[in-house]
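The form predicted alone is given below as one chain in structure tokens.
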């Protein structure tokens, strides 16, 4: 029977889960929100990062969070390469780049999924660490350490990325390229190189996010499909390019999913992100923290 204690438990878990959703959506907030790149392969790169963390943890005993830091530079270079390929093949050619770009990134996502299956098989994979499987009790509420880790890392990651975009020259250039490329060019900066750098950062963030994903739950090669709706819902709900809003929107989604899971069961939870995405597009297309154009 539903009770106030059960609701409180759902809200607490939902907030922590939402912070995790915020962490896995940060990269998309940059690539799609600021650069306007239809990066539907974002969740596939996320799962790829999780498997890279699994490989380091399983074979060398590296802590998942440390493994996430280790692969971050590799994913940065991967992001630089992916954007250059996208730009030369699609964006450089004109107005229908977005439509063709969606097909391109869907193809990339499919290739990543097949490569993971060929290397690791279709079974779920998980990592081991001292904080996985343990929980902290707050009264009658049991809070898994893995969600507390995700909460802490997501908060720090959001703060660092926000500071980078607001306090550094390249960060301000990244924000400017989304608004006026010609003005940026007049200032002596190359908009394409700025966007490539930004896409590299958006992909590098997935190194840490992928570590959080496999810490929170086991992963399988098709898990990216479950996160397409969630990540785009968070970014659109926040308002394109709003990093602080991304964390808030993710918490809203996490709480909503947790309450629905508690009340109606797990089968309804995946539909929440798509329902909220459609609702926000109908009621406030610019997002909760976006400005009207």
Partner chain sequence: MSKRVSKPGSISRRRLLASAGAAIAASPLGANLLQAQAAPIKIGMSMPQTGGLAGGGKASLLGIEIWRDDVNAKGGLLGGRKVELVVYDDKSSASETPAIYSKLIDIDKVDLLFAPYATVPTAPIMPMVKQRGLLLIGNFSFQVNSKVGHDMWFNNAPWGPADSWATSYLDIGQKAGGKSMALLSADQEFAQNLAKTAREVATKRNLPIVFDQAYPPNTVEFSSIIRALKATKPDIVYVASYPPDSTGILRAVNEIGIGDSVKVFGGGMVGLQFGAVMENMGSLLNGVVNYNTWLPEKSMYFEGTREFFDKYTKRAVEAKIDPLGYYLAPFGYASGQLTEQAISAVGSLDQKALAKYLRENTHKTIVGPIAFSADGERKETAVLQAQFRGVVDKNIEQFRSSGKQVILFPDHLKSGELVAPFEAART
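Here the structure is a predicted model, which is why all the values come from computation and not from measurement. So that the term is clear: the rigid core is the largest set of C-alpha atoms that superpose within 1.5 Å between two forms. Positions refer to the first chain, counted from 1.
If you look for the form predicted in complex with the partner chain, you will not find it shown, but the lines that follow are about it.
For the chain shown alone, residue 172 is not a contact residue for the partner chain in the predicted bound form, no non-hydrogen atom being within 4.5 angstroms. A residue is said to contact a partner when one of its heavy atoms sits within 4.5 Å of a partner heavy atom; residue 191 fails this definition for the partner chain in the predicted bound form, lying far away. Among residues of the shown chain, residue 195 is not one whose heavy atoms approach the partner chain to within 4.5 Å in the predicted bound form. The closest heavy atom approach of residue 100 to the partner chain in the predicted bound form falls outside 4.5 Å. For the residues 111, 138, 163, 122, the 4.5 Å heavy atom test against the partner chain in the predicted bound form is passed only by 122. Partner contacts here mean any heavy atom within 4.5 Å of the partner chain in the predicted bound form, and among 179-187, 148-156, 114-122, 197-205 they occur only in 114-122. In the core-superposed comparison between this form and the one not shown, residue 272 has its Cα shifted by at least 2 Å.
In this overlay on the rigid core, residue 66 has a C-alpha that sits less than 2 Å away from its partner position between this form and the one not shown. The Cα shift for residue 263 between this form and the one not shown, taken after rigid core superposition, is 2 angstroms or larger.
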